[in-house]
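What follows is one chain in structure tokens, specifically the form predicted alone.
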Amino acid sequence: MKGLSCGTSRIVGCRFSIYPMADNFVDIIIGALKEVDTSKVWMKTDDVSTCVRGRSEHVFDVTKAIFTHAAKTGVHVVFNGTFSIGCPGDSEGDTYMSESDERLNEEASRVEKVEVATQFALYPLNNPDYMQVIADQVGVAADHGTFTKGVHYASRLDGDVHDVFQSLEEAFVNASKTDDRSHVTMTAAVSANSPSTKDN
């Protein structure tokens, strides 16, 4: 990985894209971004996706808020993201690790009620007990009441956006604590307002 040096902090990152299924998708995305405070994370957007990096609570706070504000429009919106911690060479943006734990967007996003359907997959890399780690975190989602079923290559979560993102965050953070040097990734596809869930 040319040009990267190994970092020592446990910085969390998420590379994601949001897809509003509407002609005015640009306005929806820009509108959502304007409502979200990103001052506690490192963030960069290119022509394919957006990368957010920092402390885990702020990465999840920002990604949930951006998705929630886009979804509250009532348009079918999909969030597709990959979360990562412990990636060798991940050092840029480590200064954001000194931020306080106060979530800047929780109060504003918490008032929005959005039902979502989610498929997520957890990958505890280089962990010989990875299947048990995954099973334990699916159990956490079940305790939250968000786990619906297992599907090929993923687990299904359904419910309020805040409950689902809490399940995702806890699963990711818990898996990362199994080893202080672990590299853990998690993929998540979150859908709101899908017409396929309505009776025709």
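Bear in mind that the values here come from a model prediction, so they are computed numbers and not experimental data. Numbering starts at 1 and runs along the sequence shown.
Keep in mind the form predicted together with another copy of the chain is missing from the figure; the text below concerns it.
Residues of just one listed stretch (140 to 148, 62 to 70, 154 to 162, 167 to 175) have heavy atoms within 4.5 Å of another copy of the chain in the predicted complex: 154 to 162. Within 4.5 Å of some heavy atom of another copy of the chain in the predicted complex lies at least one heavy atom of P128. The closest heavy atom approach of N105 to another copy of the chain in the predicted complex falls outside 4.5 Å. Although the partner is absent from this view, V26 contacts another copy of the chain in the predicted complex, with a non-hydrogen atom inside 4.5 angstroms.
Shown alone here, V48 lies within 4.5 Å of another copy of the chain in the predicted complex, counting heavy atoms only. Contact residues in stretch 11 to 33 (any heavy atom within 4.5 Å of another copy of the chain, taken in the predicted complex) are V12, G13, C14, R15, Y19, P20, M21, A22, D23, F25, V26.
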